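Just the one chain here, laid out as structure tokens, in the form predicted on its own.
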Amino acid sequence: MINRTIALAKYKGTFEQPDIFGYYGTFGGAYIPEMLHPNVEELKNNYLKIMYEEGFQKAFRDLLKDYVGRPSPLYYAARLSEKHGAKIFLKREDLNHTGAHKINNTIGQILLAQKLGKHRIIAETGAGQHGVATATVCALMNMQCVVYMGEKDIERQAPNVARMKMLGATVIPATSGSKTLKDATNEAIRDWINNPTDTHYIIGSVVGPHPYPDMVARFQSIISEEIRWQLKVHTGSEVPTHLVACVGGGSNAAGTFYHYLEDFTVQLVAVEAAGCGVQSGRSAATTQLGKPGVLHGSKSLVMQTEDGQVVEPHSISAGLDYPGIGPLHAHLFESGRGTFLSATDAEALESAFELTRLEGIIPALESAHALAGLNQLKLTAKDTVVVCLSGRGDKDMSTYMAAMEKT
């Protein structure tokens, strides 16, 4: 552990927030069309000032408590712990209103949009949880809501599409490319270019041009803020040995890691979607397959061909079906601060059914990837592990039902 701390010392101070240009190490920045420059500059110049105003913080915290239902429990998973031979806790983001961590960010961004005088909201979504969370806060605040979603994801996440529509959102299918999250993001950015004055784009992950990766990480940092005091209640210490979270774009992982980023004694474990296998040609394991490039407004690791064309990703999980990761996570990978693993579709399914039968908790397929990562760690009785259970499995029941029919 001492050697690890020494090796990471040169990166001290580069993880919790980007530099003034929005870079975490060599990743980040704002690569945007000229027409979006005023919007992004407006956000960059105001987001920190607004976020930390006393009135904003009170409104944000009150809604997290009374509307979202925070703090979310930190649950000691006794049977899962027995299986792995370590103390394993689940951070129950699945118990939040709307069923995932996404609501933490949308609450923050809708309040920010109001402060900026915006009255129309757009968003992208993959698994539909961010879309539902965005539609929810727009209904709460009586604001127009347009959600872009890949045509493929609309089919496999039908319950969440119905929820968005019931909440009053307009759901527009993205019909180009792989018809998944990447393509929905492309469409949302086009909308923002065409409606720069009255519209705020609520990006759902730690991706996009600066200041989005930092802003979303700060809103999601409530997760690790709670873990610290909750873990102390359970164990007498605020500090686990491992934090584990799934990573597509990476907002739940950023929130889980945030207050431990500079504590190098804690192993940060990010689990990507290997799909049918990392080398199968049908994967979303960006750190294994990607190289530096620009995607959706920032420089990060991107799955791409030799001539820079984005490679279509694949994952059984719509929320991880993305050909890149957020710049913070790219920096965690490049620096060695984060440990990046991957889990296949089959491994995620197996872990989802295992948690259900051991603990009576049906996880989202995204979260099941994080659980699958536990099998790759060499854990001992001295280890204390916190896994972010980022969402519940209601939205994935059709996939689970199909898997059960095959067995």
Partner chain sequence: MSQTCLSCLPDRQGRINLESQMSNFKSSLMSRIQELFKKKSSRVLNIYCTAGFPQLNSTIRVMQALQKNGADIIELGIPYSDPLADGPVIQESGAIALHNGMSIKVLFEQLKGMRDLHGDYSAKVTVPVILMGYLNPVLQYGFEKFCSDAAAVGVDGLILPDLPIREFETEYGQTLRKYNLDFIFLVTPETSAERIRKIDSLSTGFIYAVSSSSTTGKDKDFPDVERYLQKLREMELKNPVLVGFGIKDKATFQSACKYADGAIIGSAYIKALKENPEEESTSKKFLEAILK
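Positions refer to the first chain, counted from 1. In this text, all values refer to a predicted model and were calculated from it rather than measured experimentally.
The same protein has a further form, the form predicted in complex with its partner chain, not shown here; the description that follows concerns it.
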Notebook entry, point to check: So, P38, E187 and I193: all three within 4.5 Å of its partner chain in the predicted complex by heavy atoms, or not?
Noted result: yes
Next item on the list: Would you mind picking the one in C276, L140, V294, A162 that has a heavy atom within 4.5 Å of its partner chain in the predicted complex?
Entry: V294
Next item on the list: May I ask you to choose, among G308, G336, G85, G117, the residue with a heavy atom within 4.5 Å of its partner chain in the predicted complex?
Entry: G308
Next item on the list: Given that the partner is absent here, state which listed stretch (5-13, 395-403, 21-29, 381-389) has heavy atoms within 4.5 Å of its partner chain in the predicted complex.
Entry: 21-29
Check: Heavy atom to heavy atom, is K182 within 4.5 Å of its partner chain in the predicted complex?
Finding: yes
Check: Even though its partner chain is not shown here, does K299 get within 4.5 Å of it in the predicted complex, heavy atoms only?
Finding: yes
Check: Looking at the partner-bound form in the predicted complex, is Q267 within 4.5 Å of its partner chain by any heavy atom?
Finding: no
Notebook entry, point to check: Hey, in the predicted complex, is E54 touching its partner chain, heavy atoms inside 4.5 Å?
Noted result: no
